[in-house]
Structures are given as structure tokens and as C-alpha cells.
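This document opens with one chain alone, in C-alpha cells, the form predicted on its own.
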């Protein structure tokens, strides 16, 4: 089995462990940790999916928040069924992302990143000024059905795994190859008749649907949401997970989210200083582990008898 396939096995095995823990553990703290790890994995995977085109989408945080607020309104105000609220919580940011992407993805690189950052903060400010959804105080009473309480963590893991399977299928197929071609040279890709803007918008829409579902799951897990929950820091944390795990490998987002979420259980007591932890993680990853833990794994595998032909793109320095 090639090193790339081993990396995939590790990622899916971690998800299987999370599901087993969610189904068998009776410890409330363990279930909460499994829940937050799963949501962090989804945020990281959604961010990384757009990174396949070469763009850093800070607006992942914005679409996470839109999904949370839409699902919260549907549940708290209109008493819609839980799974219908989740679905609409994913569709709303997906539709918004199509408009956002069609306008903004004509830019790229730092310009798109800054626009997505501004969009995220504008939405957060809108939440604070909208009294009907609680303004700065946020919304309360976002409860999933009572019968779901014992299984909520397992349901979250299962939904996250299903969305990751879609990401995996798309990335490994023809669509994923097109995204990586755009990342390498969008001008050349467009010269052979590919509508680059359309491909980028579709990619953003898929990622935004997943982010919206993640936000909806977050809202029902937290049962209280406020504008501060959806600042650009959501995307910064997701970026830390991706960079630590390794952005060139699908499993990098999973491994990074698991590791940093577990470590964060020890630094969360430091309050706002936990932001320094994630910022520092990104800096360290870029300086010491440019390809993340998955890149380190590849280098070790090669050093102990692996071949470059079997190595994943991270080890070869490519994409």
C-alpha cells in the first residue's frame, strides 16, 4: 500500500474511533470532546476544499455563522424538524456563496482572502445590530429533539463522515483534478476551454454547504449562539488544523483537528491566550513542518525504505 493510501487509512480510522467513542462512551466530557473534534474536522475540511483552487477562504467562518443562525431560527422560532433545519442551514449559505463567489472569485490570492475576511466581519456586525436575532447577546433555546440527546455526538460524527466522504470523492475524481489544475495555473486551465470561475464557484458552494451544516450542528450542540462565535477566528482555527495536519493530504485536516482540539483542552484555561496557541501553531507549522504532520510522515516513510513513487505529493513537494 502506498504512503498516500496509508494516510487516507489513518484519517478514516480516526473518524471510526470517534464514532465508536460516541456510541459507547457514557462519559459526558468524552462525548463533548468527540463532538467538538468532529465539528472542527468539518470546518477544516471545508476550508481545505477551497484551498485546492489555491484560495484561502476566510469566509468559511461567515458561512458557518449563516448556517448556525438560519438553523437556529428555524428550530427556535418555527419548530421545524431537526434534520430539515440542518438541511436548510446548509442550503442557505451555499446559495449565498454562489453570489459571493461569482462576484469575488474574479480576484485571487491576497485580494480574495481580504475580501472574504471583510465579508465575514461585515456579517458578524450585522448580527450584532439585528435585535430580532438577539443582537450582541445572541440567540438561546436552540434545542434538538429530546430523544436525540443521548445520540447527538454520534449523529454529528456520522454527518461529518458523510460530508467528508463527498469531499474525498470529489477531490479524487475529475473535479478534484480540475481544481488542482486551477491551483497550479488557472490561465492554462482556462486556455483549454475550462470555465475557471464556474469551477471555483462550484467548489465554494460545496464547501459552504458543509460549513453551513457544521454551523447548524454547532448551534444545536451549544444551544446558545452569539455574533462572537462567528468571527474570522473560526477560519484561523480551521487553518491551524489544516497546516498542522498537512494541506496536501485529505487526512491532514482530520489529523490536525484531532491533535489541536485535544491539546486545546489544556490551554483553554488560559482564556484569550488560546488564540496565541493557534496562531503559534500556524507559524510553527509553516517554519518547521511546511507540509504538516503528513509531510513528516512521508519523509520518515521514505527514510525507512519507502520510495518517492509511492510517496504522496506532500513528500515530493508538489500538489
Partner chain sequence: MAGGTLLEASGISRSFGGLKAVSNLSFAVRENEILGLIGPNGAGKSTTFNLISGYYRPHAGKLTFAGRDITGFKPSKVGRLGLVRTFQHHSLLADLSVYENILTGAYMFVRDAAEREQRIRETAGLVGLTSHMDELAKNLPHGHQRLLSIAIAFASRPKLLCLDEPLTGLNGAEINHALDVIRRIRDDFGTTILLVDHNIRAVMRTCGRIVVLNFGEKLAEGSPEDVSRNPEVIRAYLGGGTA
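Residue numbers count along the first chain shown, from 1. As the structure is a computational prediction, the values presented were derived from the model and not from experiment.
As for the form predicted in complex with the partner chain, it is not shown, yet the points below apply to it.
Note on the partner interface in the model of the complex: the residue among 76, 94, 158, 178 having a heavy atom within 4.5 angstroms of the partner chain is 178. Shown alone, this chain has one stretch from 134-142, 80-88, 148-156, 188-196 that lies within 4.5 Å of the partner chain in the model of the complex by heavy atoms: 188-196. When contacts are judged by a 4.5 Å heavy atom cut-off, residue 231 does not count as touching the partner chain in the model of the complex.
Applying a 4.5 Å heavy atom cutoff to the partner chain in the model of the complex picks out no residue from 233-254.
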